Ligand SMILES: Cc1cc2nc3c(=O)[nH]c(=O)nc-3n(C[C@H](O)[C@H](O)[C@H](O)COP(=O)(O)O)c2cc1C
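Next up: just one chain, as structure tokens, the form predicted on its own.
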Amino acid sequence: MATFATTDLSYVDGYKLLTGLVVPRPIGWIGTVDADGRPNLAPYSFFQAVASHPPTVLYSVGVNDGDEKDSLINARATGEFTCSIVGMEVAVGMNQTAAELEHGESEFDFAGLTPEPSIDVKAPRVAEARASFECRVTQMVELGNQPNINVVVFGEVVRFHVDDEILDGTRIDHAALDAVGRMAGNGYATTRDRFELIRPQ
């Protein structure tokens, strides 16, 4: 079995090993607005649900040579964001929103997506997504050393939006949700193949 000390790895090699092994990763499709109310939308596969009480999610933003992405700048300025869940029906649109656009340019427009107004936060959601969360930032944690760091944005979910067709009470029909996960490189996976294991008593 090969073994690698992280101190001996380049940034790229460490990234390849981590993202190749931690798979599939859920995708947080993060919506924000800037101080002037201009919307931004970007997918993050360093995303996860991390607490249920209060319901809390996080996404991690890479900052290279001090160049911050709009998803971080806007969340810091407004204290809010949304997270739309990526289903197979919007996977191509999600990929389009990963394009490097100028600050303030709308990924919604670029990808042909509809910004849906939220109720409790100013950041829009993706109207075409079958589920989304409205979130308020609770903390931001910097990891790494300048000038290349990651900033982990924690947000408390203050409202869920779920398409009636995928909902049974508060249970989700995962076949209908048809969520997409990120593998490595250009690879993605769906959640169509599933199995059950009964937890031991």
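Since the structure is predicted, the reported quantities are computational estimates derived from the model, not experimental observations. One rule holds for the numbers: they count along the sequence shown, beginning at 1.
The same protein also has a form predicted together with this ligand, omitted here; what follows describes it.
Although the partner is absent from the chain shown here, none of 56, 79 and 82 has a heavy atom within 4.5 Å of this ligand in the predicted bound form. This ligand is not drawn, but in the predicted bound form it has a heavy atom within 4.5 Å of residue 46.
In the predicted bound form, none of the heavy atoms of residue 118 sits within 4.5 Å of a heavy atom of this ligand.
A residue is said to contact a partner when one of its heavy atoms sits within 4.5 Å of a partner heavy atom; residue 99 meets this definition for this ligand in the predicted bound form. The shortest heavy atom separation between residue 134 and this ligand in the predicted bound form exceeds 4.5 Å.
The listed set 113, 123, 129, 94 contains one residue whose heavy atoms approach this ligand in the predicted bound form to within 4.5 Å, identified as 94. Screening 169-177, 134-142, 155-163, 63-71 for residues having heavy atoms within 4.5 Å of this ligand in the predicted bound form returns a single hit, 63-71. Counting a residue when any of its non-hydrogen atoms is within 4.5 Å of this ligand in the predicted bound form, the hits in 168-201 run 182, 188.
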